[in-house]
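Next up is one chain by itself, shown in structure tokens, the form predicted on its own.
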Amino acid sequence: MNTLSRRELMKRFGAAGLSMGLFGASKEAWSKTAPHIVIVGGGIGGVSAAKYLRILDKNVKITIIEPNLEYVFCPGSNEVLNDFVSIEDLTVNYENIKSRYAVNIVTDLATDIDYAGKRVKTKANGFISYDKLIVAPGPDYKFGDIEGYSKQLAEGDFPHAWKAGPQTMKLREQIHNMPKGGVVAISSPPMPYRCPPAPYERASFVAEWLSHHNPTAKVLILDSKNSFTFRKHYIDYWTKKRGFGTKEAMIEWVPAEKGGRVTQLDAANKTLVTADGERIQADVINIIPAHTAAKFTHDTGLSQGNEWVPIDPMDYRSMVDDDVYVVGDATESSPMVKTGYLASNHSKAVAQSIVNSFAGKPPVQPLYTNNCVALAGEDYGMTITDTFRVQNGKIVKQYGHQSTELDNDALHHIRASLAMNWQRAFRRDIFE
């Protein structure tokens, strides 16, 4: 096997590459004249942008503004509920991004943008100047769409757990301590929202745990929609494993057209009220609220009064300022859905566009790819692959493929293993 000597490595990557990691910054990146890219948000989109900017350009200065010291991955967090994984398995910090990719981490909250002065205002560190700004704040939640629900209740006894962390653990605790024969009610939101199959994956994982520890319990899905991603797959699995469609079913799904849309929470009586006026009491209530772009994008005018931030699909520049880019779940990117994988793809395309702009080159024609995996159980996985191009100023779906529920059990099992390995590989791609 051929090996490279230190001298050969230095020829290929330079002394700075060895001293700071292969993707570290050059000394020019620390000069006062180095272009400064500031990133608001240290989640999947923000960290992907930082990492791939550094891979593409060693001469720029990169700063992430993020209020939290750690990040908990939402992809895979449903698996905490049935002890497939621990919350620690999904938790990462920013040390590797800081040391290996020479990214400044400012632990603070971004509160405003001074577009004319090209500065981001922070809560504790004043203003931070930028040459290019990437905003990657993720979504926020429309608690007011369900009467009686609130952010305070979500942080208390009615967690949505759609942002992984303490709420995930609270929901897990509630499910694990539920009375024998109890009911878990999950309210699934209207599209668009982060990770379309996840409410049904959650129901499957909860039922998986209950089947071993509380076998007479029920999971009730009250839906704001009449269908959902991987519907045939989940119903196939639920029918085979959970008695779906029978009086003994552990999982019941009620679509909107049959009275599934939740309009009100009576918190005092642990009761949900549907659009048809039906009152449904449950031992554990998990309301997943409708989504909107993060508050930061509304406060700074990036959303221009819309639910989602309008962008130029070629390079994800905002419509407000050419030096400001917005990536991930906060954007209006239809027909693309909102997933972590697509957020990372947006960021990679933006990184290339910014590097091109510094070199006086036009943005490249992007190819956006969504690879989605989901589980119905440890032995049943499913996959989607979609690709998107930009045509005539609009995002157009170019190709799509979805695994079929008609495959044999061996293929479902293989895809389950694929899904678990994919999650681990995806986490490494972002933070390692």
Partner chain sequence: MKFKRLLIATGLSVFAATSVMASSVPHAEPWTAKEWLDAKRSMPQGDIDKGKLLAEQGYCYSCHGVEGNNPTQSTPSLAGQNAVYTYKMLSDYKSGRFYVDHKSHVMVHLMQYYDQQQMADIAAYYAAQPLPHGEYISKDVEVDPTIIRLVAKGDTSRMIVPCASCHGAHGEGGMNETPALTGMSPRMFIRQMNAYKDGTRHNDVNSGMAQFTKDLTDEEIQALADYYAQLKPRGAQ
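Between two forms, the rigid core is defined as the largest C-alpha subset superposing within 1.5 Å. Numbering follows the first chain given and starts at 1. Since we're looking at a predicted model, the values are computed, not measured.
This next part talks about the form predicted in complex with the partner chain, which is not shown.
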State yes only if every one of Asp409, Met420 and Arg427 has a non-hydrogen atom within 4.5 Å of the partner chain in the predicted bound form; otherwise state no.
yes
Proximity to the partner chain in the predicted bound form (heavy atom, within 4.5 Å), stretch among 152-160, 132-140, 176-184, 72-80:
72-80
Just to confirm, with a 4.5 Å cut-off on non-hydrogen atoms, which of Val92, Met169, Ile288, Leu109 contacts the partner chain in the predicted bound form?
Val92
Heavy atom within 4.5 Å of the partner chain in the predicted bound form: which of Phe244, Phe84, Trp209, Tyr115?
Phe84
Please check if Thr216 has a heavy atom lying within 4.5 Å of any heavy atom of the partner chain in the predicted bound form.
no
Any non-hydrogen atom of Lys270 within 4.5 angstroms of the partner chain in the predicted bound form:
no
Is Arg100 part of the interface with the partner chain in the predicted bound form - any heavy atom within 4.5 Å?
yes
Looking in the predicted bound form, any heavy atom of Gln281 within 4.5 Å of the partner chain?
no
Does Asp407 shift between the shown form and the other one by 2 angstroms or more at the C-alpha, the core having been superposed?
yes
